[in-house]
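Below you'll find only one chain, the form predicted on its own, shown as structure tokens.
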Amino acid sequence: MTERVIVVGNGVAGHSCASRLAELGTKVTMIGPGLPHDRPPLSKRALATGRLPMLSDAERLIAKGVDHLDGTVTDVDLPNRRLTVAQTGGGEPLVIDAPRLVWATGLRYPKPPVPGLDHLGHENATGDGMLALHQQIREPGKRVVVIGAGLIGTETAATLGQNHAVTLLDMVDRPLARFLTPVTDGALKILNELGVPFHGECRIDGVERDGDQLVVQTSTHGSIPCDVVVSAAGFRSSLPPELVEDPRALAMPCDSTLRVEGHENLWAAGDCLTFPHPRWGRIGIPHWDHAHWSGRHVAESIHGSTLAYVRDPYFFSDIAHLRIQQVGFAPAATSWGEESGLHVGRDADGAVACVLFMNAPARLKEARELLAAA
């Protein structure tokens, strides 16, 4: 293949795709701000150590045959197959040809519209954000308020709670509220052990500076003084309007080879796609496992493979010393029960649809086999 492939995104999906393309002998350029690094550890071990979990460095990218353009795509001209890129180091924007294009930018995690939060709060969903936050919490004993009790927020609260006085806030009534009850119960237990209070159904009115401290103002739980505020509430699409009709869309529909439907020579990898699963129908899987394998699958598809992408949903999370793992599609489960120490969800026909287990990483293969046998 002589045409260069442009991969937009330098997280797990983009790096996985670009690396596999290079292995297959394709000229490839990966676009993204900074060197590629892993995202899930940013709220866990990376936050504790202050070191980015790098997927590669400049020398290794060169050795692999991956060209890296350090910048951000600001305009997409699909009819002419061109991208405009703002370079991280400044200078004139670059206009590059993109005859074959892979979009792998994941999701965005903007701060919610709370007065004062934008300029007084930190975030750790990006590498730069995590490094800036780590500078503020290097000394133990800080008072930290984490806003948002989803995966990133709960992981962050548990990580910081081991050395700091942390308070976790959310508008919902439980941490990890969109997950199964054993998950939320396990998270609450860990937070309690760490001395991290959770304030649910919390209405946050603003963040203010008061002398040498910050104050989170709420109309439900009073004023909460602190030294550091972390925003981990919600996510948004990273897709440019040129690629989607609905600006609220989080993902692009792809066919079974992960080519974006309705577009020639355009593929997607990672969090910003949905695909037709043979059992579950059209789904998206916003997690590391899918990002890695979908990136590789796109590379194979570009090289002519017609194999369908088949990957069961899987996620894991580390809440301090609690490892949570789940395989399968929880919405398809109509009943749940404990079977040999596993939380097993079965569909209306009694077939295994989902398996949840905690602090039992060695049982992943067993859980996958249960699901596959359905």
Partner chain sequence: MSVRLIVDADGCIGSGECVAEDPQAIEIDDSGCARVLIGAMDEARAQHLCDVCPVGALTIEH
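No experiment lies behind these values; they were computed from the predicted model shown. Positions refer to the first chain, counted from 1.
Omitted from view is the form predicted in complex with the partner chain, to which the following refers.
Name the stretch: of 333-341, 23-31, 320-328, 66-74, exactly one has residues whose heavy atoms fall within 4.5 Å of the partner chain in the predicted bound form.
-> That would be 320-328.
Give a yes or no on whether each residue among His164, Lys189 and Phe198 has a heavy atom within 4.5 Å of the partner chain in the predicted bound form.
-> Contact check failed for every one of His164, Lys189 and Phe198.
Any non-hydrogen atom of Asp227 within 4.5 angstroms of the partner chain in the predicted bound form = Asp227: no, not in contact with the partner chain in the predicted bound form.
With a 4.5 Å heavy atom cut-off, would you call Met358 a contact of the partner chain in the predicted bound form?
-> Contact check for Met358: no, nothing within 4.5 Å of the partner chain in the predicted bound form.
For Arg368, is any heavy atom within 4.5 Å of the partner chain in the predicted bound form, or not?
-> Arg368: contacts the partner chain in the predicted bound form.
Heavy atom of Asp38 within 4.5 Å of the partner chain in the predicted bound form = Output for Asp38 is yes: heavy atoms within 4.5 Å of the partner chain.
Residues in 281-303 close to the partner chain in the predicted bound form, defined by a heavy atom within 4.5 Å, in order | Trp288, Asp289, His292, in sequence order.
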